[in-house]
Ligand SMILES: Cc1cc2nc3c(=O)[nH]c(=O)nc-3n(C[C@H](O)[C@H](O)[C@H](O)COP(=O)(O)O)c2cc1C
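Only one chain is shown below, in structure tokens, and it's the form predicted alone.
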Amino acid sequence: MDKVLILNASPRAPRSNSKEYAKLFSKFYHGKTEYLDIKRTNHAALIEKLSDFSDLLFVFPLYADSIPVTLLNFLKDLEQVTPARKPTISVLINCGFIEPQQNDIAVEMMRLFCKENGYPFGSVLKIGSGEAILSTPFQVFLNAKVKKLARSIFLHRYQVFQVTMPIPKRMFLKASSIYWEEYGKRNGCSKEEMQTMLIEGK
């Protein structure tokens, strides 16, 4: 029976938005799914499970126009092992930019990994506007695309999808600036500090 292994590759997986996206996928997928976080110490155990699944879905955020180091390190270990059966690899990626195409480079990195290591490449969902889309009425658009992603994987009719909040970029930038400034205040950071590398020391 077809099954999907969902691996959360966010550096803060237990409390990440990626976890919420994974929950949505499991809700809409008509087959069996299993969800696990990628940790520094469980790479071998996760790789050992791959042969039991027809599909593997990586869920992760965009980091500096690339894949997060959590995922990069896992892929390095995966390169060294050949499962008895290689699952089809799909990707659900989100970024804090309103444009979902900001995720393109990271998606191409995943596509290249699959090509170089003999894994079939499946579907992609690129999400723009970050966590904001999860907490507004616009989540209805997200839900619709996650449903399409789930259906494409279930039917093995792999496609590329994207979604973002349908608002002007200027409005999104204004709203996100207010959000982060208020977030900084709650954590003792001024706007000026948040605009410099000083924030790294907080």
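As the structure is a computational prediction, the values presented were derived from the model and not from experiment. Note that residue numbering follows the sequence shown and begins at 1.
Although it is not shown, the form predicted in complex with the named molecule is what the next lines describe.
Option from 150-158, 137-145, 59-67, 33-41 whose residues, in the predicted complex, bring a heavy atom within 4.5 Å of the named molecule:
Result of the contact check: 59-67.
Can you tell me if Phe121 lies within 4.5 angstroms of the named molecule in the predicted complex, counting non-hydrogen atoms only?
Answer no; every heavy atom of Phe121 is more than 4.5 Å from the named molecule in the predicted complex.
Report yes if any heavy atom of Gly96 sits within 4.5 Å of a heavy atom of the named molecule in the predicted complex; otherwise report no.
Answer yes; at least one heavy atom of Gly96 falls within 4.5 Å of the named molecule in the predicted complex.
Heavy atom to heavy atom, is Gly130 within 4.5 Å of the named molecule in the predicted complex?
Residue-level check for Gly130: yes, a contact with the named molecule.
So in the predicted complex, does Arg12 come within 4.5 Å of the named molecule, heavy atom to heavy atom?
So Arg12 counts as contacting the named molecule.
Enumerate the residues of 9-35 that have a non-hydrogen atom within 4.5 Å of the named molecule in the predicted complex, in sequence order, or give none.
The stretch 9-35, when checked against the named molecule in the predicted complex, contributes Ser10, Arg12, Ser16, Asn17, Ser18 at the 4.5 Å heavy-atom cut-off.
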